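A single chain, nothing else alongside it, follows as structure tokens in the form predicted alone.
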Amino acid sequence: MRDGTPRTRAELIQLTGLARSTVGTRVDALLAAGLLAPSGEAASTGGRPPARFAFNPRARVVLGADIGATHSLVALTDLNGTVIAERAEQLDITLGPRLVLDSLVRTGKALLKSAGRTRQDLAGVGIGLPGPVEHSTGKPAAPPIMPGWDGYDVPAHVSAGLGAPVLVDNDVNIMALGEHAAVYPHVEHLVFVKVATGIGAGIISSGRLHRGAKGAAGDLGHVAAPHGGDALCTCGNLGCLEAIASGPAIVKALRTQGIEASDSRGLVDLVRAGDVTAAHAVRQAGRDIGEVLATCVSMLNPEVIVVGGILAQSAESLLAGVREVVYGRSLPLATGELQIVAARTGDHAGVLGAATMVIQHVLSAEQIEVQLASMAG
């Protein structure tokens, strides 16, 4: 029923092949839970017109939080991922988990109140963090820019404040989920690449986010780049892609040529202002990223590669470099219909993905069974 099409009990019987009594009992239970709602009547074939029912996305609400190094964006959505209310704040991740998560809880309560919803309406909370996360526990795993967060029980802290299940993942994974849900819902195979302070990828395979055995899938920035040389990376290795093609790496390289850019935003401003050297440096970074992505294309055969992050949002030079190498090095069978595009969800990819992560969980068959059993009890 999540496709939004209103249906009668008879149509559901025909679609599912289930017994009339089974469909009737199930529809009644979902109506009682508020997940289905009446939606008019079908044409009568004699006698009383049969009632139609449709999925009710406003039955519950979800909080999605995208927490960055210096900011947070929190959105309240319905069960379709439609944003009802949102709030952006400046927030320093180095303040530690307690202060940052207490702020998130306060913002969540304020958004619920502004929308006229209660904590009983809250189906769950999704959080994206700017570092590695063990998804099964929701605990950060040695995040390099998050002092004091390693192993912290983020779900327990937030759940205690908001009284709802909490799911946590790294920021690139939730951005991939958000872009996929909002822009490419019918694409089965997609790779989302974020190029900013670091470089990472979220992988959608067969319509589902692929996290790998320990949640480390898509760690693109720490793949050895063909032209990485002896560039020292923050991870301690030499020649990583992030060490030569991330925003800070490009800024550092430009300074050696006497061109000053304060940070990645300043770099983008230089490119927009027509600085040829900066544009060439960004395009070369795109080529370096393309060298690694060409291997990913051969391995994963995606339909779409979405490039996001601050550099991709504003610098067409980066995309040009990526396309130049990927289309040139990969086999025609893999690139014949491959799209390499800039992200279209902008700053909202993270919150949309965080909300999507929760929606997929709470509307899974297993969780629906739990909800209905709890109501019956």
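All values derive from a computational prediction rather than experimental measurement. In this text, rigid core is short for the largest set of C-alphas that superpose within 1.5 Å between two forms. Residue numbers run from 1 along the displayed sequence.
Note that the form predicted in complex with another copy of the chain isn't included here; everything after this is about it.
Heavy atoms of R211 reach within 4.5 Å of another copy of the chain in the predicted bound form, making it an interface residue.
In the predicted bound form, another copy of the chain stays beyond 4.5 Å of every heavy atom belonging to H157. Contact check for T295: a non-hydrogen atom falls within 4.5 Å of another copy of the chain in the predicted bound form. In the predicted bound form, another copy of the chain stays beyond 4.5 Å of every heavy atom belonging to G81. Only one of L238, L99, I145, A110 lies close to another copy of the chain in the predicted bound form, with a heavy atom inside 4.5 Å, and it is L238. Proximity to another copy of the chain in the predicted bound form, taken as a non-hydrogen atom within 4.5 angstroms, holds for one residue of L104, A281, A196, A201, which is A201.
Only one segment in the set 345-353, 332-340, 63-71, 50-58 has residues whose heavy atoms sit within 4.5 Å of another copy of the chain in the predicted bound form; it is 332-340. In the predicted bound form, another copy of the chain lies within 4.5 angstroms of at least one heavy atom of each of the following residues of 203-227: I203, S205, S206, R208, H210, R211, G212, A213, K214, G215, A216, A217, G218, D219, L220, H222, V223, A224, in sequence order. Positional change of R26 between the shown form and the other one reaches 2 Å or more at the C-alpha, relative to the superposed core.
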